Every structure is written in structure tokens, then in C-alpha cells.
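Let's start with one chain on its own, the form predicted on its own, as C-alpha cells.
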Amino acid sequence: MRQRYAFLLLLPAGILLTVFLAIPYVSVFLSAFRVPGEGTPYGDGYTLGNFARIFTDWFYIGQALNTMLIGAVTTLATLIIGLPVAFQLARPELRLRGLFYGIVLSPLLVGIVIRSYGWTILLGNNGVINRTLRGWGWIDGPMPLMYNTLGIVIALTHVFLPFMILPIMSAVQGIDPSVASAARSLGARRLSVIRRILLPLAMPGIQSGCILVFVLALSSYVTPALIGGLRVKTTAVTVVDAMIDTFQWPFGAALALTLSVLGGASVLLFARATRMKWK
């Protein structure tokens, strides 16, 4: 009887996951093997030619590697910035903690399109940063902060920083403060306490934040499209171009599936390297 009630409780969530997650993924998987059509999304039959086109063209291979690099650098940048912020926000004695917490969450209250356009105003050749540096006499010409990988990483770091801070902060809040106090009372230095006690105990939050930011950075479309322009295109941007601009649905699906496999393999390698325990 209890199992029947449990099944009924899980049924709505199962239907939603099936309709909005499983079926679209199966559709993309099947579309990747369809023959491209002329004037239609698909032709008759199935083929491996879409994947052969990807793995025999160094343009798409290099683009995929650059996308992975952008995701990795963005993850590292958010980790470096977000780790000390998360540790500070997790301190119960921190004054104005609610205000700082609101500041961390404030970027999530603004649409990603608006945030990306804001970075175009800051990073452009005639943007705020370049105008300020020229006004101070530090540079003679504009610094190339936009339409390159650097600009994309800067914007993505700002966009996804809260997704790194929040999991780490949650993990740090679960650490018993007496553990660190006991280590200090036994003569451990502050850096030793952080390196040998606090960081290992906060590792689940660090792992979750890294995986979340990496996956989001890989699949990001709006920010790379606006900041990278036509000079730097990630695989996600090319997928949208293939499906909407050139109407090559099978090739776009093959690119999306390839990016998903690369991202999933990277996440598994990271989980294995950091000895994540799946529960």
C-alpha cells in the first residue's frame, strides 16, 4: 500500500521528466543520425556522415576544444573568486551577512541578456574600461577585451559566480565549528586548518559548484554570442546557427550530442579525479 502511494507521489515528477527531458534527448539523439534534407529538416534514412563531418574538420574540432577550454577557465576563475567569498558568508558571526548574501544573489535577479549587454558596454573598444584607462593615460589604444576568449571568460565568470558560491557556502555551513577550534587548540596554523580540514570537508560543495559552472559554461549561448561576436564562436553558438540560420537540423543535433558527450566525459573524469562519492 505504501509503495503504491509512493508511486503516485513520484508520478507527476516522472511525467515532467519524461516529457520535457527524456523525449527531447531521444529526439536529439535520433536527429543526429538523420540524413540532411533539401528544404526540409530531414531526409530519408540514417547516416554517420554528420559525425564524420565534425571529426574530420579541424574547424569544428578546434571549436569544441576552445569551448571546453572556456568552460574549464571559467570554472577555475569562479572557484578562485567564489571560494573565499563562500567561506566568509558561511561565518555565523559575520556582520551584515544578509546584505552580502543579497549582493551575491543580485546577479540572478537580472536577465542574462541584460547582464551580457552590460559587459559589452564595459569591455568594448570604446567602453567604460578602455575610456577610463585612456583617460588616466595608462594605454594609448583600446585593449582587446571583447570579441575574444578573454572577454567571454570574464562575462561568464560574472554570470555563473553565484552558482559556485552557493554550493560551497552550503557545504561550509554544515561543518562543525568545533573541528577547526580543536585543530587550532592543538597548535595547527590557520592555513593548515584551511588546507587540511576545512577544504576537504567542503569538497562536496566545491565539486558541485565546479560541475554546475562547467556544464553551464559549456552550454551557454547568449553571452558567447554577444561577447564573442563573429570572431569567437563556441559549439553551442554553432549549434543554434546550424539549426536556425542554415536549417541543418541533423548536423546541429550531432554537434549538440558531441558537446554533451565531451561535457559528460569531463564531468566523470573530474568526479573520479576528486574521488566524488556518488550516493
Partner chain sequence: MIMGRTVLNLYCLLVYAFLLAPIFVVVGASFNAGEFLTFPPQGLSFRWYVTFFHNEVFLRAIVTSLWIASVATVFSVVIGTMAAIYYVHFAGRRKEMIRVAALSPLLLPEILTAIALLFFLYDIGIGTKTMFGLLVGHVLLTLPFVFMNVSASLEGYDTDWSMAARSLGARPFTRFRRIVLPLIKPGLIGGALFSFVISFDVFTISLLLKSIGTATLPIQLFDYLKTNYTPEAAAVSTLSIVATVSVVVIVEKVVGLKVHKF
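Quick caveat, the model's predicted, so the values are computed rather than measured. Positions refer to the first chain, counted from 1.
A second form of this protein, the form predicted together with its partner chain, is not displayed here; the remarks below concern that form.
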Is Tyr221 a contact residue for its partner chain in the predicted complex, using a 4.5 Å heavy atom cut-off?
yes
Contact of Leu257 with its partner chain in the predicted complex (heavy atom, 4.5 Å)
yes
Give a yes or no for Thr56: in the predicted complex, does one of its heavy atoms lie within 4.5 Å of a heavy atom belonging to its partner chain?
no
Could you tell me if Val239 has a non-hydrogen atom within 4.5 Å of its partner chain in the predicted complex?
yes
Its partner chain in the predicted complex: within 4.5 Å of a heavy atom of each of Leu10, Leu89 and Ile112?
yes
Answer key, its partner chain contact in the predicted complex at 4.5 Å (heavy atoms) among Gly135, Pro144, Pro84, Gly98: the residue is Pro84
Among the candidates Leu69, Leu48, Ile244, Ile61, the residue which, in the predicted complex, approaches its partner chain to within 4.5 Å (heavy atoms):
Ile244
If we check its partner chain in the predicted complex, which of the residues in 111-132 reach within 4.5 angstroms of it by a non-hydrogen atom?
Gly111, Ile112, Val113, Ile114, Arg115, Tyr117, Gly118, Trp119, Ile121, Leu122, Val128, Arg131
